[in-house]
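Only one chain comes next, encoded as structure tokens, the form predicted on its own.
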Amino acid sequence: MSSPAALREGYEHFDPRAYLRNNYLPPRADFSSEEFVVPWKLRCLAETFASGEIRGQTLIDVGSGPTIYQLLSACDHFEEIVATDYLAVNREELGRWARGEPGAFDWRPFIQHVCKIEGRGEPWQDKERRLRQRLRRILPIDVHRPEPLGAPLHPPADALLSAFCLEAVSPDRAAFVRALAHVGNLLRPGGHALLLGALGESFYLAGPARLPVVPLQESDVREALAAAGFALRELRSYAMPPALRTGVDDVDGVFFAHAQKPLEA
């Protein structure tokens, strides 16, 4: 069994560009059909934010990695988005995109697709500009600490988003539950939490790094959210088709969860 320290050591070899190639270029990032995994993830987020219920001043994205796709629908509903990651290389990759630097990963197909499914006829350039304006902070984070940012977030976030982070940095299910509880400390009472994560995955590759993952089933997600003090609102799952099992991981599927932190008594 790995420890958080061993996991941290493994992540020293994490290659953001290899991770992006493995997961956010074709075949997984194929927008020709809703049957592909990336359009499924984007639709889950777009439909959930379209309700208008999840909104406010600040959204915190826990373990952003080198990606911004998960923030595209969120940016219309918050004044500030705080991105976070444990790895400096991922924070640097995010910063390159936020500053519009040459050589940053090309997220335009994702932005264009989100604008299409949101159906408001918005030019994709407007959404790109808005996300860059609202992505104001990119901070280091360690979800294994009770205060993941090193100090409380003031004011607490109105919503929390986390995609493919907590199960990938926890050595076991108990640590996954603790990490959920820790990041819940960043959220105000009554705030919403949206999670995307892997089902049935034990490892993934990111360049020279082969990184362990806690294999989760839907029942594990339900139990972990309850144990961490969240009320589950919705849980969806996606089964990875054979054509997308490319050898860069052993993932069986993806879950999307919408949960809520209870109001304090």
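From a predicted model like this one, the values you see are computed outputs, not experimental measurements. In case it trips you up, residue 1 is the first one in the sequence shown, and so on.
We do not show the form predicted in complex with a small molecule, though everything after this point is about it.
- Mapping the unseen interface onto this chain, F230 falls outside it, with no heavy atom inside 4.5 Å of the small molecule in the model of the complex.
- For the chain shown alone, E122 is not a contact residue for the small molecule in the model of the complex, no non-hydrogen atom being within 4.5 angstroms.
- In the model of the complex, no heavy atom of F31 sits within 4.5 Å of the small molecule.
- For the chain shown alone, D142 is a contact residue for the small molecule in the model of the complex, at least one non-hydrogen atom being within 4.5 angstroms.
- Site annotation in the model of the complex: the residue of V169, C75, L194, L187 reaching within 4.5 Å of the small molecule with a heavy atom is V169.
- Taking E93, E128, D158, D85 one by one, only a single residue has any non-hydrogen atom within 4.5 Å of the small molecule in the model of the complex, and it is D85.
- Contact annotation: the small molecule lies within 4.5 Å of heavy atoms from the stretch 134 to 142 in the model of the complex, the single such stretch among 97 to 105, 134 to 142, 75 to 83, 114 to 122.
- Within 4.5 Å of the small molecule in the model of the complex, a heavy atom is found for all three of Y24, Y69 and A163.
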